[in-house]
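Let's start with one chain on its own, the form predicted on its own, as C-alpha cells.
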Amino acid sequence: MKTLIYKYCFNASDSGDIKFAKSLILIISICCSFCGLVWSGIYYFFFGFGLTTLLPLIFVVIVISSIFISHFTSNYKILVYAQLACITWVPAFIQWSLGSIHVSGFVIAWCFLGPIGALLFLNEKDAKIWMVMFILILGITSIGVPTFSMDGLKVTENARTIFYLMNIGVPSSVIFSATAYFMKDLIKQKERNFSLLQITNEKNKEIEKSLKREKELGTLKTNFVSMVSHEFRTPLTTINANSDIILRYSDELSRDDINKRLEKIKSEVLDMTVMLEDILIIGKSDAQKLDFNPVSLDIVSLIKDIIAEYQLSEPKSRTIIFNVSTPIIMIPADKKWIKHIVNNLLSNAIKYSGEDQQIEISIKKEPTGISFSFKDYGVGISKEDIAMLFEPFYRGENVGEISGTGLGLVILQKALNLHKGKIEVESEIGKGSNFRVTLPAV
C-alpha cells in the first residue's frame, strides 16, 4: 500500500498539501473498490448474477481504471472526479434497482461521500454542487421510481439486516477514517507552521538585533568623530602653538621658558596617547582580547598611593577625606585594571567638583569581598544621564566645557566585568555624586 501511495505521488515538486490529497484520494478509492467487490459478492449470494450484482463491479472497474489513468497522465483530478461520480451515482442506481430505502438497507447513504469528497479534494463551490446532487437523489428516491430489477423481492430479513449494517457502518467508517487522517495531517501542518513561525521570529529577532547593532555603530561613529574633533583639536592646537613659538623665537626665549613649553607639549601628547589607548581598549574588549592577570593585591595601599600622586598636583585648598575600615585588605585583582578604576573615579570626582569642595573616599571590608566609594559635592548627574553613563562617548548634558571623551566609565565597567564586580551610582544635580564599587574576595 505504501509503495503504491508513494508511486502515486508522481511529482517530486508537489507541495505537502498536494501529496496529502493524492494519498488520501488513492486510499479512499482503494477502500471503496474493495467494498464494491464485497458488495458484489454479497449481492451475488442473495440475488445471483444480475443488475444489482453488476453495478458494484462497474464501480470497481471505473475507479481502478481511473487510478492508472490519473497516474500515467500525472493528473490526479481524473481519479477525484471518477471517484466522486461513481460513489454518488452507482449507489443511487443500486438503490433504484432494489426499490425502497427499507428494502435496500439504506444503500443511498454511500452517496453522501460525494459532497464530503468534493469538500476535501475540490472546493466549497463544487462541494455545494455535489450536495445538490445528493439532495436530488434523495428526492427522486423518496418520490419513488420504477425499479430497475426484481431483486428487491428477494431481500430477506437477514439480508436487510446485513445491508443496513454495511450501508450505515462502512460509509461512516470511511468518513471517520478520512476525517481522522485529514485532521492528523492538519495537526502536523499546524506543528510545522508553528515551528516555522518560531524560526521566523528568531530570524526577525536576529535581524532586529543586527539593525540595532548597526544603529549603535552609526551612533558610535558619529560620537567618535565628534569626540575626536573636539578633544583632539585643543591639544593639537596647543602643541602647534608652542612648537611654533619655540621655532620662531628660540633665540629670544630663556631655557626655562622653552622647557615649560616642551613640558606642555609632552603633557598634551600624553593626554592624546591616553585617549587613543582608551579607544584601543574599547576595540579590544569588543573582540574579547583584554588581558587579565589577577594577583594578591593590597587594595588600601594601592588607593593611598594613587591619592598621594594626585595630591601633589592638586591645589592645597582641595580636601580629600580618606576612610578605611582595615589598614590592609588583600584581594585577588589585576593591578593595571584596579589602577584604571581608581584613577577614573578620582579624576572624575576632582574634575566635576570645585577646587574648594572636598572629596570623600572610603574603603570597607565586606563579608564577600571589599567595597570602595568616591563621593564628591560637584555638578551631579541627572537620572537620565545615569542610565547612559556607561555608553561609549556619552557625556552628561551639564558637563559644560569640562573636557572628556566619554570612554572612562565604559572602560571602568569592562574592568569590573573582568573582576566580576559591580558599580552603583547615586547622584543629584548640583549636590554631587557617589560611585560605589564592589569587588568579590575570590
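Model, not experiment: these values are computed from the prediction. Throughout, rigid core stands for the largest set of C-alpha atoms superposing within 1.5 Å between the two forms. Note that residue numbering begins at 1 and tracks the sequence as displayed.
From this point on, the text means the form predicted together with ligand ADP, which you will not see here.
S.K.: Heavy atoms within 4.5 Å of ligand ADP in the predicted complex: does Lys414 have any?
M.R.: No, no contact at 4.5 Å.
S.K.: Heavy atom to heavy atom, is Gly36 within 4.5 Å of ligand ADP in the predicted complex?
M.R.: The answer is no: Gly36 has no heavy atom within 4.5 Å of ligand ADP.
S.K.: Indicate whether Gly408 is a 4.5 Å heavy atom neighbour of ligand ADP in the predicted complex.
M.R.: Heavy-atom contact with ligand ADP at 4.5 Å: present for Gly408.
S.K.: Determine whether any heavy atom of Asn344 comes within 4.5 Å of a heavy atom of ligand ADP in the predicted complex, and answer yes or no.
M.R.: Flag for Asn344 set to yes.
S.K.: Would you kindly say which of Ile42, Val379, Leu51, Cys31 lies with a heavy atom within 4.5 Å of ligand ADP in the predicted complex?
M.R.: If I apply the 4.5 Å criterion carefully, the residue I get is Val379.
S.K.: Pick from Leu26, Val63, Leu55, Leu389: which residue has any heavy atom within 4.5 angstroms of ligand ADP in the predicted complex?
M.R.: It is Leu389 that has a heavy atom within 4.5 Å of the partner.
S.K.: Would you mind picking out the stretch of 349-357, 187-195, 86-94, 302-310 that comes within 4.5 angstroms of ligand ADP in the predicted complex, counting non-hydrogen atoms?
M.R.: The contacting stretch is 349-357.
S.K.: Pull the contact list for 421-441: residues with a heavy atom within 4.5 Å of ligand ADP in the predicted complex, in sequence order.
M.R.: Heavy-atom contacts within 4.5 Å come from Ser433, Phe435.
S.K.: If I superpose the two forms on their rigid core, does the C-alpha of Ile359 end up displaced by 2 Å or more between this form and the one not shown?
M.R.: It does shift by 2 Å or more.
S.K.: Would Cys32 count as moving between this form and the one not shown, using a Cα shift of 2 angstroms or more after superposing the core as the test?
M.R.: Moves: no, less than 2 Å.
S.K.: When you overlay the rigid core, is the Cα of Ile58 off by 2 Å or more between this form and the one not shown?
M.R.: Comparing forms between this form and the one not shown, the Ile58 CA shifts below 2 Å.
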